[in-house]
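Okay, here we've got a single chain as structure tokens, the form predicted on its own, with questions on binding and movement later.
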Amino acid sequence: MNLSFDAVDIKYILPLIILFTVSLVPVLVKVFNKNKEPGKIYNFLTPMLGALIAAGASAGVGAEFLSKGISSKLLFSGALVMDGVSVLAGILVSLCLGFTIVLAKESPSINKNQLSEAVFLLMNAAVGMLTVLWANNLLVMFVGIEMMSLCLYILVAMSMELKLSKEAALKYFVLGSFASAILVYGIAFIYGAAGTVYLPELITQINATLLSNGYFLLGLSFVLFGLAFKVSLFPFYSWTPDVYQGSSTPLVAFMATGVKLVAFVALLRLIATQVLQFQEAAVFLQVLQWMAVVTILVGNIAALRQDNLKRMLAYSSVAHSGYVLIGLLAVSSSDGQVLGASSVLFYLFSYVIMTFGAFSFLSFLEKSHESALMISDLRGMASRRPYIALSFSVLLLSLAGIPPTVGFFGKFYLFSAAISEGFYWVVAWGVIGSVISVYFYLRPLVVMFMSDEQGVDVEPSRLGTQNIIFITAILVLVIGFVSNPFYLHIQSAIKTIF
């Protein structure tokens, strides 16, 4: 393939260009202002406007595709692909970035003397995320993952908390570097065996002969395990609770949602190459089934033992990775590709909404960078802040999968897709894990509504954070009530990659 591109390609990557260009504004203003931190126009309003314009640019690409009847478009000699999945996930990443900037501005765990640097790194992490979402080439995917990861390593260490954040940054960097080395090593083996790193070309070459090649199988296993680290699947999840606890809460909200969204989309594109549909790859399918089951059980059982609310949600996010992997198992079957991929993307969207709202609630209650919010601190919250308590309750019920929230329908679509492809035992364990999770999700509700004792003092300001909590809670209910039309829209987007 010739490495050339049409000038028109630039139009389709405008979200990436916008985010990178706007990210330079706060740090350049700080440099030219004798290292004095800029005001909110440069540190807040300009980045927020950039995130919204990037989301609008992604939506504009989707509107153009609909008007012209285009399903997808290859860019830069096929290295990038713009399709329905790219557009929808790109919009969500840009919105998550905007919400994170709001949380960062109001959170005490963000050093306000380094806010411009934090905004710069957040926006460039989003640039890496968009690159991963659009990647049609394993090397481009790796570059996007590394750009995202390097920004996050620094952001974790920049927390106002002095001890845990440095430990978290070191763990994340060491383990993340190891996972990246495994990933790029696997890509090298795949290229050596198949002669290409382009996903469409892999689709045409995947056959029994290629899957009998030991180098290709080794490369495939390395790539799968490298991506498994990014989404906290067993046994690569151990960094998650410690890193989440040591990081600033706005950053945790961004990592738990954006990183997981783009990494699972990368896994989806890899499995969409039909690499797991042959008998020679049966061992990978068995391993992924066990990884899904153990991830769900480990995440939920560990969350049962947590009194620290952030660690509880961290282990919860591990369990949700196991649920998503159940949907990916359905994608591995030739008959269940569209159904499985649609359920995965629907669940990822619902997970991002409810998880971001839950961590926004934590950010709202934090008094200082040294505060560790415990479940017992929520005592009497319903009497002091009834609307906030009610919104958090809706988010927790959705995470538990209680109808009529979007979390229930997300699990319903995931489990239905897996059942249709015969993964009965995996779904059974998924249901058991969901039942276990109800206990630790209901604990905060009981403390908030059934205790008259005084818990942590509620921060009176932080209006932006409050609005995010309200918006996510409303979306959880609204999308739950109109889940079928929303699911069908996602299904039409998914068909562009099959």
Partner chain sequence: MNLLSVITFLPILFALVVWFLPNEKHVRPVSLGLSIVHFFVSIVLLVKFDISSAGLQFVEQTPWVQSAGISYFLGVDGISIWLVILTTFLTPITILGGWTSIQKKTRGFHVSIFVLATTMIGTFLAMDAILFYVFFEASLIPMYFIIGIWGGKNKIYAATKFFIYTMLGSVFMLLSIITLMVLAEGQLGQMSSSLLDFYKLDLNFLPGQFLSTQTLLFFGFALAFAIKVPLFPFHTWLPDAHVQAPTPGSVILAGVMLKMGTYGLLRFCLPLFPEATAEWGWIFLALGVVGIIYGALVAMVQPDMKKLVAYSSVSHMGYVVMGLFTLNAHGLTGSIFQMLSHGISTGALFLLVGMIYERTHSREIKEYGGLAVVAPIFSIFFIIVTLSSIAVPMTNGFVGEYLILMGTFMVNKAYAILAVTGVVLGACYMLWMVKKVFFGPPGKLIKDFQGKNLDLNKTEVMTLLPVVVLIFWMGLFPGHFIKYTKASVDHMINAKQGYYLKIEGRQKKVATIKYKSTRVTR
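Please read these numbers as outputs of a predicted model, since none were measured by experiment. Positions refer to the first chain, counted from 1.
What follows is about the form predicted together with the partner chain, which we do not show.
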Open item on the list: Among the candidate stretches 415-423, 317-325, 146-154, 88-96, which one is within 4.5 Å of the partner chain in the model of the complex when only heavy atoms are counted?
Closed with: 415-423
Open item on the list: Would you classify L285 as touching the partner chain in the model of the complex, given a 4.5 Å non-hydrogen atom cut-off?
Closed with: no
Open item on the list: Since only the chain is shown here, I'm wondering whether W290 would be in contact with the partner chain in the model of the complex (any heavy atom pair within 4.5 Å).
Closed with: no
TODO: Could you confirm whether L211 comes within 4.5 Å of the partner chain in the model of the complex, counting heavy atoms only?
DONE: no
Task: Exercise: L14 in contact with the partner chain in the model of the complex, heavy atom 4.5 Å - done: no
Open item on the list: I need to confirm a contact call. Of V438, A63, L28, L45, which residue comes within 4.5 Å of the partner chain in the model of the complex, counting heavy atoms only?
Closed with: V438
Open item on the list: Just to be sure I understand the contacts: of F364, F236, F409, Y172, which is the one whose heavy atoms reach within 4.5 angstroms of the partner chain in the model of the complex?
Closed with: F409
Open item on the list: Checking a candidate spot here: are A400, V431 and F481 all in contact with the partner chain in the model of the complex (at least one heavy atom each within 4.5 Å)?
Closed with: yes
Task: Residues in 379-396 close to the partner chain in the model of the complex, defined by a heavy atom within 4.5 Å, in order - done: Y387
